[in-house]
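Single chain ahead, written as structure tokens, the form predicted alone.
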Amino acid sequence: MRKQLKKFAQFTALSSLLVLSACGGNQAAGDEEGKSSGGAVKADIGVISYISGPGAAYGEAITNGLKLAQEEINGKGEVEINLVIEDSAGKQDQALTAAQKLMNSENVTGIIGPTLSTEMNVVGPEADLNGVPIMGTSTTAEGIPQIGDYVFRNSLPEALAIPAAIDKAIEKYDAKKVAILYGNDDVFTKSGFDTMKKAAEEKGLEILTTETFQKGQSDYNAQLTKIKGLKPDLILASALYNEGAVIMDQARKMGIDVPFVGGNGFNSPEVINIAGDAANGLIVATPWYGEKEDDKVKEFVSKYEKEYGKKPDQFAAQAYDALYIMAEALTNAGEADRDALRDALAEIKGFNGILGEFSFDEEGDVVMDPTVLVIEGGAFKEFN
């Protein structure tokens, strides 16, 4: 019924007219019924990524992971994917403009991205209204797949990751008291705070103080001085890697040596690159661990390092698996059609990728188990 109403909205909304013309002939360019001359399903997949600006390391990793997967997938011959990449610069308006451009292309069958939950909150409803399947690879805030029937994600939501990390930290350090620090001007970091607060309360932790900051802030002396005086056992911090790394560096210089439990935005090698030894003691939960004894993981890490000269992070790994999930759905759909791709994505169960065994639930959200990591000696390690 919901899909029928959506179709009706497409015919009555002026903003959807260009998209409707696309849906009438929704094949990849050049070949009848979205098939290549060799019989493979041929599709353009749009990508909205944070390529320029202060969070560009996220977008770089994501696009690198996608390109590596694209080369492998196309080499196998069952699916031929062309990536159409647009830069959002981490901005809602730019992400929406990029999405509209992609959706108005008759060749784009589905979209991967955008990078931030803040961006998905404006792009997701538009994609859902226009019947374009979209999959976030790094959008972990609460409520993303619930935006609509065409909205998916393969990124581990913070509602699963943060409680798992807190549980391990409580067990390891017998923690009883915590301080919370979060960015209050970003949907993603605010959502992380909500999850942290809820998890802390459910686990019976005493919240000594809740401190806030803004994106781009450079001085955290006031917040950290207050936290230091209260002597928490743990600091729960919901931050993107730029602010998170600076917070940890300033905290360590002030003599705060307690462990930090971070949200997903904190989970990047850039934290180590920026903060150095000050990053030691950061605990995060993730579906990705590059040192895992698994042949698929080892092969991916080796190929990625050879191609890009660095180790892949969580964002590269999630993007890599996302394109493979798209490819499997396209194969199962048998054509480059938006509705068929959406339905095939919804049926993905037991997909074995480099992140582990993955399925979508009935809302298009993630079903999988997280791994808890800690930074020790300048590297992420399993937290036991």
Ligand code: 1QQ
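Residue indices: 1-based, along the sequence shown. Values in this document were obtained by computation on a predicted structure and should not be read as measured data.
Not on display, but discussed next: the form predicted in complex with (3S)-3-methyl-2-oxopentanoic acid (1QQ).
F193 falls outside the set of residues with a heavy atom inside 4.5 Å of (3S)-3-methyl-2-oxopentanoic acid (1QQ) in the model of the complex. (3S)-3-methyl-2-oxopentanoic acid (1QQ) is not shown here, but in the model of the complex it comes within 4.5 Å of a heavy atom of L116.
When (3S)-3-methyl-2-oxopentanoic acid (1QQ) is considered in the model of the complex, A179 lies well away from it, no heavy atom lying within 4.5 Å. When (3S)-3-methyl-2-oxopentanoic acid (1QQ) is considered in the model of the complex, P312 lies well away from it, no heavy atom lying within 4.5 Å. F188 is the sole member of F300, W288, F188, F260 with a non-hydrogen atom within 4.5 Å of (3S)-3-methyl-2-oxopentanoic acid (1QQ) in the model of the complex. Only one of M135, L240, A165, A275 lies close to (3S)-3-methyl-2-oxopentanoic acid (1QQ) in the model of the complex, with a heavy atom inside 4.5 Å, and it is L240. Screening 262-270, 104-112, 170-178, 77-85 for residues having heavy atoms within 4.5 Å of (3S)-3-methyl-2-oxopentanoic acid (1QQ) in the model of the complex returns a single hit, 262-270. Using a 4.5 Å cut-off on any heavy atom, the residues of 133-160 that reach (3S)-3-methyl-2-oxopentanoic acid (1QQ) in the model of the complex are, in sequence order, S138, T139, T140, A141.
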